[in-house]
Structures are given as structure tokens and as C-alpha cells.
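One chain follows as C-alpha cells, the form predicted alone.
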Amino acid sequence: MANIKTDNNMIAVLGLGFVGLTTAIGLAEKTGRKVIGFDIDAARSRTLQEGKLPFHEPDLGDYLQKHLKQGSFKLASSLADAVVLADTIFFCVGTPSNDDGRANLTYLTDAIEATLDVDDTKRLLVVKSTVPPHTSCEVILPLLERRGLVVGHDTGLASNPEFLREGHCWADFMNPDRIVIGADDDYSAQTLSRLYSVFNAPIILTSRSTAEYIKYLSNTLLATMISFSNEMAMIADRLGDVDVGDAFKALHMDRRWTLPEVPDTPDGGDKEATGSTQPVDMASYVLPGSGFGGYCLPKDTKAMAHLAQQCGIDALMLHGTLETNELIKRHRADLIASRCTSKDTRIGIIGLSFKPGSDDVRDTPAAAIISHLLQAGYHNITVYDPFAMETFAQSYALPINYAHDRDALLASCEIIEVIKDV
């Protein structure tokens, strides 16, 4: 076994690209445990054995040399030499796209199959490769069951997505903003939580499918933000006389990006009166809900889409944003309807304004959601909002009931839906 002594506390990492190598060296540095790595690319393994990186990644090379010298990181000459010694195995193999866009899981399933061929002794299998939601449950779990293994009893299975940026992998791994652990059994959850307990970062313990989804959620948001920026730049270029650099510099100066702390007023007075109010975290705009409303966002998005069209740009991002904003309202109405036992079910809606703490009901999602329910035949609807009921009634004149307070609504309705927090 390549002159490697058995160590029941050893970690194996399969796949030594940016993610795998950083994971292997990072765990050796942070946890003090011995780590053994394997990569199917023999040339890459030889380069690493010499203490050299096969790619550019700041700081990682120095720590590779350090742990090779200390013996806390070793390279296995075969997958068998790596996995037979380990009680925890990280799979960091590639999942490239097929021609139709689907993720190719062949490398991952082959690595798991090969691992089980070597030894199916109880150990924790950790999928760090990026995989579509439900991969662990619908692909890997059946694979293990065909081997006669029961997750949580004979073996462990967890999803542990990475959030590393190339060029910053070492810093990102050693100082993570969050650690996501997807596990559906106590053995897997507790084992991986203990491993990561030495990191000074919040641990999000969730289901395997949710962990897989979180990775896609993160990356698609980044892709959307980039495409939005590029689409807006194309529109600016076509308009002419717009300095794109200045425009985005000003955009990034919005305090909501950084959420600075608001200093106390010298006399302990009212911050609202001084204009020193706590800004809203930009992350609050990146949360699922009922869609945006009010005066500015719908109006300005529509106007920019129209302006883009005049410039000869089909603003797909802007059109998609508006389309999704309409689709989510019908979706929310359909979800409410799905919980009803009949058309006579008493439905309660809380929150009528387009944003909490306001009486502004212009283009509020609540109106569209209620209208969809009414059109579907649900006429027993009661609503409540501490600020916006009068303006809502005047603006929309819908055939619905208005509760005097929240308790009255809760007491009279079977289904409660919060459209906006109040």
C-alpha cells in the first residue's frame, strides 16, 4: 500500500484540482489530521509529489510543500491505497456538462463505485463535487443500496459544496463565510460537523438535496448578476454618452452593499430625525418572496427594457426579470390554492403593501395574488395590514373581507398566507 501506514483517523481526497488540493491541504493545516490524496492524472500527481502546483494558486504551493515535508499530506499511487486507510473520503472529481447541458456524473459515480470495490467498511463519503439537487438521493443513495449498504448504519453520506474562487482558494477555504453540510442521518451530520468545528465559520446543517441546491443557487446568482451588468453595459454603449465605469462605480457606492454600522447620535436622540438610519442589507433583495412592487422597480425596469428595445438590444435579463415577477405572483396563488380543501376554504392574507411598514400599495404583489385566487373561484378571503388596508380597499375594490386586527384574522381563517411581514 505504497508504504503508507494504516491510520483510522485519516482523510482521503479524491481529485486534486483546485478544489480537491485546497481541501486536502486545508484540512491538514486546520484539523491536524493526516490527509492522503489521489488523482487519476499520474502526471499531476508526480508534479505535486515534487512540491509543485500544476496550476497557479497563491499561497497553496507553500502549504503543499509544508505538509509534504511534515508527512501530514501524502499522495497515493492508486485509489485503493488512498481509500483503504481513510474513515472520511471527499470526492472532488469533475462533473462537466454534457452536450444538452446536464451534469455528467460519470466521474463521480465511477469514483464511488471504485471506492466500494476496495472496501465497504463503514466510513463517511462526502460529495464536494458540484452536482444537481437530488443527486445524492436519486443517484448515489441507490448506488449504495445496491451494494447492500444502509446510510447512517453501514456508511455515511453527506453533501459539502465548496465556495472557492480560483485565485483565492486558500484564503476562502481557511476563512470561509459559511460551511454547508447536507446530511440526512445523525452519523454523517455529527462526523462532518466535528471535522469542521475547528473553523471559525457558521455551519449550515441541512438536507443533502438542500446543500446541493445551495451551491447552484450561489452560482446562478453570480451568473445572473454578471449577465445583468453586461446587459446594462450593452444598453449604455448603444445609448451613447454614458460612462459605464462611472455608472457602476456610483452603483457600488450604495451603502446597502456593505451595510455599515450606524453610529449612535451624540445626544442619544432620534436617528430617524438626523437621517442616520440603519440601511437595508443588499442581501434582503436576494430572498424568495412574492415579487417586487411599488413605484420604482416595476416602472424603471419596464422603461429600461423599452429603451433597450429602441436601441436594438433585446434585453433578455430585463424581460426575464419582469416575466418572473409576474409568474411568482400566480405561483404564490397556486400554492395557497393547493392547501385549500375546497373553494369555500377561509383564506387569510397578511400584508397588503408592497413592502413592510408602508401603506404604499402601488403594484403590490398582494393585489395580483388575491386576484388570481378570486379568478380561480376562491371568494372567502380575509386580509389584514396594520397600515395599508384603507388604501388597498380604495385602490383595488376587490370583493374581500378586512379583519380588524391580526388576531381576528387568525381566528376566522383556515389558511394563512403572509405576503409581506407586518
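Start at 1 and count along the sequence shown; that's the residue number. We call the rigid core whatever largest set of C-alpha positions still superposes within 1.5 Å between the two forms. Bear in mind the structure is a predicted one, so any value in this text is a computation, not a measurement.
Below, we turn to the form predicted in complex with a small molecule, even though it does not appear here.
Of the candidate stretches 190-198, 175-183, 137-145, 158-166, only 158-166 has residues with heavy atoms within 4.5 Å of the small molecule in the predicted bound form. If you check the small molecule in the predicted bound form, you find no heavy atom from any of Gly351, Pro365 and Val418 within 4.5 Å.
Between the options Cys413, Ala403, Val19, Met10, the residue in contact with the small molecule in the predicted bound form by a heavy atom within 4.5 angstroms is Val19. Note on contacts: among Met389, Leu53, Leu374, Ile40, the single residue with a heavy atom within 4.5 Å of the small molecule in the predicted bound form is Ile40.
A residue is said to contact a partner when one of its heavy atoms sits within 4.5 Å of a partner heavy atom; Leu14 meets this definition for the small molecule in the predicted bound form.
Taking the partner from elsewhere, Arg44 is found to have a heavy atom lying within 4.5 Å of the small molecule in the predicted bound form.
Although the partner is absent from this view, Thr95 contacts the small molecule in the predicted bound form, with a non-hydrogen atom inside 4.5 angstroms.
In the predicted bound form, the small molecule sits within 4.5 Å of a heavy atom of Tyr295. For Gly293, the Cα coordinates differ by 2 angstroms or more between this form and the one not shown after the core has been superposed. After superposition on the rigid core, displacement of the C-alpha of Val150 between this form and the one not shown stays below 2 Å. Superposition on the rigid core between this form and the one not shown places the CA atom of Val198 less than 2 Å from its counterpart. Shown here is a form in which the CA atoms of Met225 and Lys299 lie at least 3 Å farther apart than they do in the predicted bound form. Whereas the shown form places them at one spacing, the Cα atoms of Leu297 and Met225 lie at least 3 Å closer in the predicted bound form.
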